[in-house]
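Shown next as C-alpha cells: one chain only, the form predicted alone.
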Amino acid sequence: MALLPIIHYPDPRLYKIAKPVSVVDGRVKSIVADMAQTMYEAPGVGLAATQVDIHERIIVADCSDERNQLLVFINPEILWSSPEKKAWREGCLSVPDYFDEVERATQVRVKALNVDGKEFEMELDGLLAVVLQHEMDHLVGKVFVEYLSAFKRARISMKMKKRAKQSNKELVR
C-alpha cells in the first residue's frame, strides 16, 4: 500500500470525468487499498479516485467511529434519491480547511461493484448518503464548492492558489 498525493482545488484534473472500471483485478484492488490508506491518513471519510489523479469510477468511504468499516464502490450508480433534502456542512480533502453548507438528498439507493467485483445494492442515509453523493460528484468532475456562490468559489480558489505557491516556496528551500 502507498499514500497517494491528493489533488487540490482548483487543479483542472479535478474536472476530468472518470471512466468505468472494465474489470476488477489486482490493479484495481491495489488502487482501492492505496485510496483507503490515503483516506484514513488524511484523515477523511470518503475519497474518489479522481482526487488522487486516477480517473476511474472508484470510491472508498468509512463513516464509522472506529474507522474499521471500509466501503468500496466501483462503478457506482445512484438508482434513487429521496425527495427530502438536508443541508450538511461539507468539507473535502481536495479543498483542505474549508467547510460550507451543501444541500443533498437525505437517502440514496446505490448500485456498485465491491472490491471482489460482485455487484451489490445498498440504501444509505445520513452522513454516508452525503459522502457518497459528494464523492460521486468528483467522478463527474464536480467539486462541492461549485454548489456555492461565485464569490465564495473565487475566494476559495484564491486561497488555494496562494497556499500552493507557499508550499512550493517551502519545497524549494
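In this text the structure is predicted, and so the values were computed from the model without any measurement. In this text, residue numbers run from 1 along the sequence as written.
Beyond what is shown, the protein has a form predicted together with a small molecule; the following relates to that form.
Comparing 118-126, 105-113, 37-45, 23-31 against the small molecule in the predicted complex, the single stretch with non-hydrogen atoms within 4.5 angstroms of it is 37-45. Although the partner is absent here, V131 is a contact residue: one of its heavy atoms lies within 4.5 angstroms of the small molecule in the predicted complex.
Contact annotation: L93 falls within 4.5 Å of the small molecule in the predicted complex, judged by heavy atom distances.
Shown alone here, K85 lies farther than 4.5 Å from the small molecule in the predicted complex, counting heavy atoms only. A residue is said to contact a partner when one of its heavy atoms sits within 4.5 Å of a partner heavy atom; T50 fails this definition for the small molecule in the predicted complex, lying far away.
Annotation: in the predicted complex, residues R89, E135 and H138 each come within 4.5 Å of the small molecule through at least one heavy atom.
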